[in-house]
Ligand code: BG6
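Shown next as structure tokens: one chain only, the form predicted alone.
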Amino acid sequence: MNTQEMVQDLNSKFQSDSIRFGIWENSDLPTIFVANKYCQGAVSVFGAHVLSYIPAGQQEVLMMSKASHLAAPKAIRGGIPLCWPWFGGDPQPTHGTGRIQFWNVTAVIREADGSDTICLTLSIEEPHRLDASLKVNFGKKLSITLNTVNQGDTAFVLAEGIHTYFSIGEISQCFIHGLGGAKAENRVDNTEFVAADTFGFEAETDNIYYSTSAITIEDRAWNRKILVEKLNSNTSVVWNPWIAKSQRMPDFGDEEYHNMVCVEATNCAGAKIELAPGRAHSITQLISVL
């Protein structure tokens, strides 16, 4: 089934006044578009990847790289990639297989409050028999819940991340609040430290924070604050590639580091989840503009 046929099939299968299926701009990605009283948004069926979230009266919350590959099987750069069922570059592919497969759309739901929920699923056999389901609710907040079920006969060590790229006015005028006192790991120079209550950016940043706290992104350039809440997540990652790494990434613009910061709800490094056979685990991230 080609993309156009997939889109036609989805539009006939799922009828909704606030949801339509189409193709993402300048791509061949089948995409779910949402427009309700709270927001506009979009999710790619490839990777179950949230591409856009625009609250009513606000500007875009998510950053999409203009250099991103927008065709399978290459991962999308920007928006909200799902890192599943592992986090990082070992094993390959980086951040797991979930973000480079087509997911199944199982439901679109108009909730009682007027928000919209999109449900997608994926099953894999390697490196373990796992089922994943994703629920994305587009409302006053953007809520993303990733659930994993171990369908294998042995335990599986799960690492995961909701790898959100936030759109900001200027990284040098961006500050992070809410992680004060957390134990942290700097993955650029492999050092450990304790997080400050408030910090900004002056160089490449790739830090894991052992914290369950909500995080506030203060974007002074655009005079807005974004609240990032989470459930069942024992670590958070804060990332900006800065100058040299941006230049090394073929799917990321050399100057785009100025206008993004990643704040990610994760279970990674020393906080992976040991999932027994038949057991389930979910992680949730909630995003709102204050």
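Start at 1 with the first residue shown and count on from there. What you see is a predicted model; the values in this text were computed from it and never measured.
The next section is about a form of this same protein that is not shown, the form predicted in complex with the named molecule.
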Choose from 31-39, 52-60, 238-246, 223-231 the stretch whose residues reach within 4.5 Å of the named molecule in the predicted complex, heavy atoms counted. 238-246
Is it true that 95, 206 and 264, all three, sit within 4.5 Å of the named molecule in the predicted complex, judged by heavy atoms? yes
Does the named molecule come within 4.5 Å of any heavy atom of residue 87 in the predicted complex? yes
Looking in the predicted complex, any heavy atom of residue 99 within 4.5 Å of the named molecule? yes
Heavy atom to heavy atom, is residue 141 within 4.5 Å of the named molecule in the predicted complex? no
At the 4.5 Å heavy atom threshold, is residue 135 in contact with the named molecule in the predicted complex? no
For 158-174: residues with a non-hydrogen atom within 4.5 angstroms of the named molecule in the predicted complex? 163, 165
